[in-house]
Structure formats: C-alpha cells, structure tokens
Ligand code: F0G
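We begin with a single chain expressed as structure tokens, specifically the form predicted alone.
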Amino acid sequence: MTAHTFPSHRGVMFYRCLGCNAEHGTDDLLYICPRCGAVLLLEDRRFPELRGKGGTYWRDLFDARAAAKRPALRGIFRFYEITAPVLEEEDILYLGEGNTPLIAASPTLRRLIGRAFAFKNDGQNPSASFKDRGMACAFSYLRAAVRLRGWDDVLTVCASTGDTSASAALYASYAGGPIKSVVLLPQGKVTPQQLSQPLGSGARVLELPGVFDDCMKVVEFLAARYRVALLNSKNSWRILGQESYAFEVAQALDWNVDKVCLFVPVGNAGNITAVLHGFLKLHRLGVIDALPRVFGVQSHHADPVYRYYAAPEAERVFRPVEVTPSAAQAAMIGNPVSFPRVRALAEQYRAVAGERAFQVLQVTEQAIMDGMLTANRHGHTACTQGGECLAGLRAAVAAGLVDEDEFAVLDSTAHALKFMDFQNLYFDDAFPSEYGIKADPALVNAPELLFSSKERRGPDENAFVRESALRIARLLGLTETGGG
C-alpha cells in the first residue's frame, strides 16, 4: 500500500462503558451504556496489531499522507488507522477540516508572556471552529449507516453555544439526502455571527430560555426516546474525529512532544477528552516517545472540573456548578457530559507521565478578554477560548508550572470574527456587570473621524484630498520629504 491509496486495514470498533466496563457493538448509535447509563469511548479490538509495525512506520506513513490528493485522506482521516478504521472511502465526508496551522507567537508577544508558545488556529476549519473535526467523523459514520441500513430519514440534533450548531448544520446540509439538522440554542447566549451560521445552512433553529446545560438536558431526553442522532460530544464518533488535533500537533512538532505542554479550554470536556486519548494512542503505538503535558483551563464562571481537581484526591467529588455569563461562551458549561471520560483518561495519562502531566487551571473573565485582545494585537486571530488559553498560560507561568525550556501550544478553538460583539463591548467598556470585565485603556481601539460630514463641502475633490492628507500627516507626526 502506498501513502496515497485508501487503507486496506479495517478495525473492529466497539463502545466501552466507562462505568461498568461493558462492551457494545457499533451497529447502533449509542450515547450512554444501555446497562448502567455511563458515557462511552470507542475502541478498536485490532489496535494492538498496529503496534507491531513500530513508530517509524507510522510516522513515515502519516507524513507521506500529508501530501495526499485523495480527498478522503486529506483531512482528519490522514490518520485513518487510529481514527475510525471501519469506514469506507465512499462514506467519508471531507469539507477541508483539519490541517489547521500552528502559528508561533509573534516575537513581541513571546517576550511579553515569557515563554515560547504557539496558537493552533482551529478557527480555520470550514465552519470556523474545531467542531468540524468531530462532525467529519460523526457524519461519515451516519453516511455509512444510511447506505448500509437503508435509513430514509435521519434527524440530527444538538445543543449548542454556537460552534456545534454551526458545524452540525454545515455538514448536514452538505450530506443532504435523508440527513436533516435541528439545533437547540440558549436564547440570547449565542453571538449574532454564530447564530447566522446554522440559519444560513438551512437548519431548523430552536431557542430555549436558559443556558447550554438546559438545552443539553432536552436533547438528551430526545435522544433517549426517539430515533435522532445526537451530535454533542456525548457522541463517541465525534470524539474520535477530534483526536486529530493531538495527532496534528505531534506531527507539526516532528513527533517530538517532550518538553511540550498544551492548554485546552474544558467546556463540555469533549475536546480535552480527545486530546488526552489521542496522545495516549500515539504513545502506545510508539509514534511519540513521551506524553506532552496537558492543562485544562476554565473560567471562574464555569469551573466544575477545576474545583474537582483542586480538592485533595481523597476528597474529590464531582459537582455541577451553576454558571454565570462568560465571554468564553463555548466553555460556559456547568455540567460537562464528558467529564467521566476526562477523569478516566487523566488517570491513565498520569500513570504514564506523572502527576504534573495533567492539571486544570482557573482564570478570570477579565483575563480571558485581556488574553484574546492581547493575542490579536500581536498578529493572531484568537477567539475568546483562545484568550482563555493565553490566560491559562500566563497563570501557569506565574505559578511556576511551566518550565523555561517548555514549548506551549494554545488551542484557539474558533475564529476571532465569531466574537466581535465581545470585542466591541470591551472597547466601549460596556460589559454587563455580571461578567466582571472592565476595559483596559491600553487594549482599547476605535476609529478616528478626520472630517465631519458638514466639514466636507464643495465640489473641489483636489482640495479635499489635500486637506485630508495634511490632517493625517499632522495626526501621525509625519515629516514632509519635499516631493510632489
């Protein structure tokens, strides 16, 4: 097999329950264990067979596939054998997801923070967020199910703070046929830019008074009683697709992730689940020799996972929290459904790499917005979740948790343009009091009007151009060169 042909290897996927350890086949789309109700992870019975080829084989193969022109291998399925090796090429849906750039911090920003780091710009995915990684896998599974089982009506549903709905609606509209999309949003808790995306993709958009956690309970109720495809991170196929984030980070760093630490916003805990599971897979295959350290980051307005790990180990009990408004909207979740996955994988991670290998940090709303604006003033396109990660890095450096020779990778989960309303609120110093965010004048920017409409009078265009140029020269302190 060459790197550019579709893989011949096929796995045997099954759901493993993280509660009672039961195993279930994948003929049905399961979200929780039918036996005990706990969450599931997808595993491959044939995964141990892959180890025999050795790490060099997989590194060379994945690197060669980076140049593949075959659509099914250009995105997240470049890592087919360790993603969902049960899908046929005809079922794989590729919209350009994955392969997002790792952009080193600008020199000035690096000096400001005091550590070498980079943003992984997952806002450069098709719907402008990391959710596309998971949707590509989940919808590929659905397309296979439609083909193999003759389904003539598949309704996909999701609860969302914006990015999930945008991604689900986009992929559903592309898949077409029997696949339809309905999204449930918390009323008034989604930015106009994010709301426009599922509407533009033709999804049916339903709003519910409350917060994301309320919407999640409703779609879980629907999924438990009706034949609908739930597309939140409770869907294990989505987690598989999101593992590609870890694979891409390792590949971008030439498979050397020793002395690397990642900062990941927790939110519903699906992405950090995928990051942990992805790196564990690479380590078990011998693709990487060491595990990078992983820091989960949460706002003090939605921090149940931070509170769990901040408690002494013998006293840890997970308790959902009631969230208050957060600029990091995608992370404003008080009862993350994937927390049991995080807890299980964090234990495995720490067993291999020690207690420092996985930690959770808490940051303030002020630090989140300051982080986003600081990053973007220095040439980046970070969203509020990217700002949350930069705030996490700053907190970790201040606490002595990041060594001077470590390189940090920050997850900017979406594009900055999705969150311009928050930027405008900051610049106008108009955040509602419950956010606890005040504008730092050093970060505020606003347009400057050169002329009022009344000042521009008369038909003499040359005079207008000359006066405009002279005003700009005075404003900027330019020195006349004597030309023209």
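Residue numbers here begin at 1 and follow the sequence given. Worth saying up front: this structure is predicted, and the values here are computed from it rather than measured.
Not on display, but discussed next: the form predicted together with the named molecule.
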query: Contact stretch among 127-135, 392-400, 255-263, 318-326 - heavy atom within 4.5 Å of the named molecule in the predicted bound form; finding: 127-135
query: S140 within 4.5 Å of the named molecule in the predicted bound form, heavy atoms; finding: no
query: Proximity of S236 to the named molecule in the predicted bound form, heavy atoms at 4.5 Å; finding: no
query: Non-hydrogen atom contact P198 with the named molecule in the predicted bound form at 4.5 angstroms; finding: no
query: Any non-hydrogen atom of G241 within 4.5 angstroms of the named molecule in the predicted bound form; finding: no
query: Listed residue (A159, L410, M369, I76) with a non-hydrogen atom within 4.5 angstroms of the named molecule in the predicted bound form; finding: A159
query: Selected contact from A172, A302, A414, V183, since only one has a non-hydrogen atom within 4.5 angstroms of the named molecule in the predicted bound form; finding: A414
query: Residues of 264-281 having any heavy atom within 4.5 Å of the named molecule in the predicted bound form, listed in sequence order; finding: P265, V266, G267, N268, A269, G270, N271
